[in-house]
Every structure is written in C-alpha cells, then in structure tokens.
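In structure tokens, one chain follows: the form predicted on its own.
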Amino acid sequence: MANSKKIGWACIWIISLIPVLIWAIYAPLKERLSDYPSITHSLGQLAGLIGMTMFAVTFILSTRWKFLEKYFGGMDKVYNAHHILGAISFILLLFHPLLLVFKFIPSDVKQAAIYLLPSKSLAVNLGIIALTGMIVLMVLTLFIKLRYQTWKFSHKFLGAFFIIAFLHTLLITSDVSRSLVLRSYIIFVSCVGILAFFYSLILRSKLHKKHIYTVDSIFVKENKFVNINLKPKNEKMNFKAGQFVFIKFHDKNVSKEQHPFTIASDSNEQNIRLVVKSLGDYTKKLVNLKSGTIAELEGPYGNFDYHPHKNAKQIWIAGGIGITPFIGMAENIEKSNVNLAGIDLYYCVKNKEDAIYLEWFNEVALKVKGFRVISICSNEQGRLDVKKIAEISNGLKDKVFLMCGPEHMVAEIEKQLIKNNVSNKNIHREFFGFK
C-alpha cells in the first residue's frame, strides 16, 4: 500500500518537473541566473510552468478513474492528492506574476505596478483574469463557509479559469512560445487536463456504472446519527467492508448532488448500511428520506481493509463517526470466523452518547477471540495518544495500525507512531475528512 502511494506521487512529480528540465536545457543557466532580475524572472517562469502542469494533473485526479486507486492506495488518497496538488499549484501560479514583478523592484517601482495592471496585450489580460478568478475561488473555499452545492458549483469555474490561463501561456512571449518541445509538452498536458475536466463535468455521470438501491429503513439516534438501510433493486454491488460509495438520493427533500459515504456493513450482506452524522445542510436533510426512495450508488472505492494484515496484531483507531468502516469489518470478522492474531479497537469520542455502536462492538468482542474494544471518552479520560496505546496493547512493535477519524486526531497519532519507530508500511489511514 505504501509503495503504491509512492508510485502515484512519483508520477505527479515527474510530470510536473519535465517542463523544468526542458526549460533548463533550452538556454544556458548562467544567463538565466546571472543577476537579480534574471533570477527572479527565471523563478517566475518556473513557478508558472510547474503550476500549470500541476493544475492540469488535479483535473485528472478528480475523474474517479478506478486505475488511479492502484497508484495512490485508494480513492480517498487520490482526492487527498488532488487537494494538496491544488493548493501547491495555486501558490505557484500566485507567485508566477509576483516573481516577474520583483525584477523591477527596487529600481523601477512604477514599472512593477504597471506590470500587474490590465494593458493592451491580450495575453497579459488573460493572465490577470485567470489569476483573479483563481484567487476568488480559493478565498471562497478557504475563508467562506459555503453550502456544499454552492461550493461544488463554484469549482466548475476552475476549468474555465484554467483554459484562460492556458491561452495566456500560449500567447505570451516566453520560452513556451520560443521552444517547440516545451510548447508541445505544455499543450499536451494542458489538453489532457482540460479533457479530464470536461469528462468529470459532463461524461462521468453517464459513463460510470451506477448500482440502483432503494431505502429500506431509516433509524435516527441521539437526534444526530442517521442509520440508512439500502436494499438492491436488482443487482447487488460487490464491495469489501471498509470501502465507500458516492451516493445520490432521488428525493425532492434531499439534494440530488452525489456525496461520499462509508459502507458500514459486511461485504456478504445483500443490503448496505450507511451511518451518517448530521453535520451540514445535506446530512441534516437525510432524516427526511422515505422508504422506497431510489438511491444511485457509484463505486465501491477505497482500499481501507483489514484482510491484508490478518496475520499481524492490528490496532484499529476510530474517532467519532470514523467508526463506520470498522462496523463492517467487525461484522465480517464475527460472521466469517477468520483466524486473527488479535485486534484492539480504540473507539474515541468526545461524549459518551456519541459512542453509538459501543454496545454492539462489546457484544462482538464477547464472541470473537482476540477482539478487544477500548472506549476512550476525551471529556473524561483525555485524548488518546501513543503512550496509552502502548500501555494497553503491550507495546507498538510488529503491529499494524488502521485509523479513521478527524484529520487532526489521525495526523497527530500518525506523527507519534512514526516518532516511536513504527514503520510507514504498518500505518494505514482513511482520509475521512473529504466525506
């Protein structure tokens, strides 16, 4: 799993740095780095080239093409790479004009100011429009809490601004216009990115296989947890416990946008169970679902699975609603009587009432040899850390860790595990936040 993740990121860096290599070969570096204006101008060019290439790759990562899972270790990791790459490309594209302007400072501040303003040059104006649009979208994403539908709609404009930035790159006088090889590479990568964007926008909903289910029953607990039981209308979807699906409900009281949810049921079951916490506008509406409502499921996705590690002692760490993939896994273990080296499940919640499946997990622990449940209520016991895990689970050595929960919690425990010499190959996490 760790190696597959490295392959995906290695491919991203190779694709992104090829234009740097072409750029470096095209003209002597001594000339490019001869003085302050040359250095800042060169850095500005590189920021633009790498930023455009990475931006194109982000569109490819958003297609949900199944083969991508193989090289990143799961679709949740693909989406995480998409977010990271989007942030890096935005920063690089932001620094692209700034670095080009710095070559005029402090010798010619007036020219620096003019450089950032609209002019008679179409190429320059296209660059300003593209950058301004990206900045607005990033501000909306990072600093303004939008409804999911509004946020998703705003992201559709990213493709338009990328196309404008692509035209700016082609029309502006630069190494791209002078070097046929560099120009050809930028055109190729950008066109692939644009095609991927239009695929996600228009074709994905038509080409990706959909599994049709109906809502069988709804159960609400503690006024904030919704259990949704789905039954197949025709063909059952084959999945592994711990995977997730993108789902769209055909109900006028619920948005028809697709949302990702983890499957909280055993892979051998006919029906699919979802356990959802009411956190936002969309999830709060799910209580209004009626029996018989049609649900379109796309997937399954993800490689969060206990099976590859069943010969090693496993530590499962769940934070809050991050318990959902472990429900299906525990149910699978209970029903399949699989031989395990042992599993300790740390069920972490803030308040006791949030541990909605604790009683059920305790019942599973009574039936399955080597399966233990350790409940951690942070309001009473403090937060879970590696020291507690080592004390309760008899050390950290030769154990495999599967984690799902709030990003800050999982990231902190992962950091502590690595600090305590736990190998990366023994740490597996689901990026639950994008759901």
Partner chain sequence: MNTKLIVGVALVLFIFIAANIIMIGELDVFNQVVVENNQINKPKNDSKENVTITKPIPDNQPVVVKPKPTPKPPVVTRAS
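Numbering follows the first chain given and starts at 1. Since the structure is predicted, the reported quantities are computational estimates derived from the model, not experimental observations.
The same protein also has a form predicted in complex with the partner chain, omitted here; what follows describes it.
A.B. asks: Specify the contacting stretch among 81-89, 163-171, 298-306, 186-194, defined as having any heavy atom within 4.5 Å of the partner chain in the model of the complex.
C.D. replies: Heavy atoms within 4.5 Å of the partner chain in the model of the complex occur in 81-89.
A.B. asks: Exactly one residue in I129, I212, L98, I356 has a non-hydrogen atom within 4.5 Å of the partner chain in the model of the complex; which is it?
C.D. replies: Looking at the other structure, the residue within range turns out to be L98.
A.B. asks: State the residue from V338, L203, V109, V220 whose non-hydrogen atoms include one within 4.5 Å of the partner chain in the model of the complex.
C.D. replies: Selected residue: V109.
A.B. asks: At 4.5 Å between heavy atoms, is F157 in contact with the partner chain in the model of the complex?
C.D. replies: Judged by the heavy-atom cut-off of 4.5 Å, F157 is well away from the partner chain in the model of the complex.
A.B. asks: If you check in the model of the complex, is Y282 within 4.5 Å of the partner chain, heavy atoms only?
C.D. replies: Looking in the model of the complex, residue contacts with the partner chain do not include Y282, since no heavy atom lies within 4.5 Å.
A.B. asks: Please tell me whether any heavy atom belonging to L207 falls inside 4.5 Å of a heavy atom of the partner chain, as the geometry stands in the model of the complex.
C.D. replies: Close contact is absent here: in the model of the complex, L207 is far from the partner chain, nothing within 4.5 Å, heavy atoms only.
A.B. asks: Just checking whether V124 would be counted as a contact of the partner chain in the model of the complex - the rule being heavy atoms within 4.5 angstroms.
C.D. replies: It does not: once the partner chain is placed as it appears in the model of the complex, V124 has no heavy atom within 4.5 Å of it.
A.B. asks: Could you run down 102-121 and flag each residue that has a heavy atom within 4.5 Å of the partner chain in the model of the complex?
C.D. replies: F102, I105, V109, K110, A112, A113, L116, L117 sit within 4.5 Å of the partner.
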